[in-house]
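This document opens with one chain alone, in structure tokens, the form predicted on its own.
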Amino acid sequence: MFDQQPTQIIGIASGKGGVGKTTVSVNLAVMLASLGKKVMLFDADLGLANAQLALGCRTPFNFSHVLSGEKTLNDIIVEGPMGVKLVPGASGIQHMASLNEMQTAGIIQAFSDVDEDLDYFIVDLAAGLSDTVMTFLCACQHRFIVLKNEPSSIADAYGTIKVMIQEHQLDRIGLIPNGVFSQDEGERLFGSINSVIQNFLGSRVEYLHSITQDEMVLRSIKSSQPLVTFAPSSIASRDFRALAKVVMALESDIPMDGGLQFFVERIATHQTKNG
């Protein structure tokens, strides 16, 4: 057991909605699982949860049942394609989107009870900059920002990164340009944002990989299947494979105090500081 790598905790966020963040989260999770990794996806968009739709999973219970004490976290977990474990969020329950301290403490307790042997724990976050989103981002080891090459998406992604760096001193921030026409376009988009971050924030972000615009993405969403199982040879599926390989290469460059315990303790620390 002692040579086992700790679980990698990855938070996937975006400045605004509608940029394909959940699509990226789901397909990255399934691709990592297809490459032999044990993956759990937590749909932490607690007001508008839809990862179960993208995975094609039926979820009789969700996170609201855990917070109310009706179910344990293990009770609500379902298995999706390639063996990805899903912790379903609570769609359409408005108060879930802004948790109070006691509810966040309930989340901490819930995750303390999970006894899974995981390689990756991916947290699909709500759009925007709520306290809950920042609490989760602070608890992750890696933070990925999904954005499109559109002025509003770029502005919101920069705003999110600015808060992460200036107010929370977070690092290990990576960019995933989504829906670009080519990898070159994605790299240029990254370069322009990174130079602004260097000039104005005195920091930098990492380039991960771009996801090319592909009509098969929309078809896979309509069929309630992950793209990487729906159309494995599509252009965007190849991009997700490349992204997964980049993510797997991050493994060796991580503090060894990782794991779900790390995630839980970081949430608790953040709550204490901000409570």
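Just so it is clear, the structure is predicted and the values come from calculations on it, not from any experiment. Don't overthink the numbering: it's just position in the shown sequence, from 1.
Below, we refer to the form predicted in complex with a small molecule, which is not included among the displayed structures.
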Residue (of L189, L175, I76, A127) lying close to the small molecule in the model of the complex, criterion heavy atoms within 4.5 Å: A127
I221, A33, M40, V247 - the one with a heavy atom within 4.5 Å of the small molecule in the model of the complex: I221
Contact stretch among 200-208, 149-157, 177-185, 133-141 - heavy atom within 4.5 Å of the small molecule in the model of the complex: 177-185
Any non-hydrogen atom of N62 within 4.5 angstroms of the small molecule in the model of the complex: no
S234, heavy atom within 4.5 angstroms of the small molecule in the model of the complex: no
Contact test in the model of the complex: L67 vs the small molecule, heavy atoms, 4.5 Å: no
Partner proximity in the model of the complex: T229 to the small molecule, non-hydrogen atom cutoff 4.5 Å: no
